[in-house]
Each structure stands twice: as structure tokens, then as C-alpha cells.
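So this first bit is one chain, no partners, the form predicted alone, shown in C-alpha cells.
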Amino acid sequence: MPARDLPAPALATLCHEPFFADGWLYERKLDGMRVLAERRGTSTTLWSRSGRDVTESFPEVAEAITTRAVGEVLLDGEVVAFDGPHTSFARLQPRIHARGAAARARRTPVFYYLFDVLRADGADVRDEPLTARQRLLRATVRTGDPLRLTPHRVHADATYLGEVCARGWEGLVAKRADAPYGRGRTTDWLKFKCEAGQELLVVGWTDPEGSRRGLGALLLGYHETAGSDEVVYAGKVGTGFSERVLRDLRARLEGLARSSSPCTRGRLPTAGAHWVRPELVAQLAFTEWTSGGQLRHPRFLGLRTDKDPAEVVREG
């Protein structure tokens, strides 16, 4: 079946206020690559979330589906690689870009964590409730590395989320137990992310796009060491702002404008950036630092007036 005919994978909605209630299942959030596995006849094709054929990147996964799944099926899951006990997108990246023999030659093992089925024995089962689809999944696929079922909890609480975050996991995905498989982005699946905190310097802003007003994103940085003149660029944040905050920030930033970046290190944006004197301190929530030294999934929480900008350094 051509990629354009594939159903769009269901996408979870980010939820900033985690909750725990009856009628929901809670899964570990994995840091990998979303993959739909389509078994037809005697072969399996792996599709990325965007509809790209990635079978040659993960041939051992495709072969396992072919030999261990029953009938014509369309499965949903996440291909991951591990760095110690944690799933790591950075470790997975070399496999994503490898093909065929090169992928097999990589010494990074991958695993396919299955969590849903869209088609079983040739029939569309997306309108079945999640619990029924999970029973079908267990009956359809015989697991064993590299195929694994994604475990879930029926009963969870804030203490469990705290334990998840303390273990270095990305967070949880909450799924409504009686819901059908979503068509695209759905509130029947919700993401609860583990977030770290960091204070960073505001070093600039980008222009707004579309209907947005004020600014598009804040550009961020930190001092190499407390009190030093070395400022390291740390990326940008474009979420967490109200309309009023966007307007107020733009007015304050224009009063701090300068012609060049205050950053002495880091890969700066090449277009659309406006630079300021690093005198404002922003409080951010984020999931982790990337290998390139920037925040992953940052969210603006507010400005700190009780923090000396000269003392802002990278934490942890």
C-alpha cells in the first residue's frame, strides 16, 4: 500500500497539568522514532510518522514482524535505542540515517515497542476501544527482541510520575481506555512530560509569524562561568506565552536592543534574529539538554527579577 494511503498515526496532546483517574491507562513515554509497521503477504514495510519508508533503517524489526505477526496487520509503536537504562534519540540517530547493510553493521541495537494495532487480519479496527485493540495486539504479534509490548498501568498517581522522572524517563502517556484510535492529534492521548528547570539569559528575539503578535520566540544564553563575559547560545523558546506577555516582552526587549549578538559561542540563527543586552533572566521548564547544547522542549515560565544576570550559568 502506498504511504499516502496509510492512516495518519494518532498523536498525543501535551498536558501541562498531569492527572490520574479511572478509565485511563498510563504508559512510559519513549524517546525514539514513531513507526507504523505494515505486514502484507510475506513482507513488512516500516513507515515513519511522515509516511517515509524506513524499512532499510531497521531491517531486523521488519523481519521480526514478518515472522512473528499473524495475517495482514498495521501496527503502531516506537523504535528506540538505549543509553544505559534510558531510551535515547541521540543513540538512535545513526540508525535512522543508515540503510540496509550499513544499518546491520551498526553496533547500536534497536527495539520496537508496540502499543497499538490499526488493522488486524486485514480488518480496520481503529473504531474498537483501546483495551480491545490491546487484546488484539497481544493475539496478533509474538513478542521477543527486538519486538516488545509497551507496558502500562491502570492505576497511577503523582508519586508514580515522580518516580518516573527520578529514573530519567521522558514522562508518561495517558490514554483513555475506551477511546477509538485517534485520527491525528487527539485529547484521548495526553503527554505528561518530566521537566527540569533552568534560568537563562534573554539574548534576543525573533519576529512573530502568522496571527501571532509581539514576538515569535525568545533567544537564550548563559554565562560560561558566573561573572564571565563569555555568553553561550542555548537556543530559543516559543511556547508558554500569553498575548499580554508577548506584547510586554517585545516592549522591554526593544529598549535593550543592540546591533550584534552578545553570544560568544554557539550556533546562532542566521536570519530573523534581533539581539539585546543580556539583562533579563527567563525561567524555563524543559526536558533535557541536547548534544548540541540547547534546550529540548523548552517552555517559558516567566521572568526572574531576583536573579543577577551575571550569575546565570548552565545547571546540572
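Don't overthink the numbering: it's just position in the shown sequence, from 1. Not measured: the values here are computed from a predicted model.
Missing here is the form predicted together with the DNA; even so, the following discussion is about that form.
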Indicate whether the candidate residues 171, 251 and 254 are all in contact with the DNA in the model of the complex, with contact defined as any heavy atom within 4.5 Å.
-> no
Spell out, yes or no, whether the shortest heavy atom distance between residue 207 and the DNA in the model of the complex is within 4.5 Å.
-> yes
Determine whether any heavy atom of residue 61 comes within 4.5 Å of a heavy atom of the DNA in the model of the complex, and answer yes or no.
-> no
Hey, in the model of the complex, does residue 32 get a heavy atom within 4.5 angstroms of the DNA?
-> yes
Does the DNA get within 4.5 angstroms of any non-hydrogen atom of residue 50 in the model of the complex?
-> yes
Considering 143, 108, 239, 225, which brings a non-hydrogen atom within 4.5 Å of the DNA in the model of the complex?
-> 239
Quick one: from 177, 98, 118, 164, grab the residue that has a heavy atom within 4.5 Å of the DNA in the model of the complex.
-> 98
Quick one: find which of 145 to 153, 119 to 127, 189 to 197, 132 to 140 has residues within 4.5 Å of the DNA in the model of the complex by heavy atom distance.
-> 189 to 197
So which bits of 172 to 186 sit within 4.5 Å of the DNA in the model of the complex, heavy atoms only?
-> 185
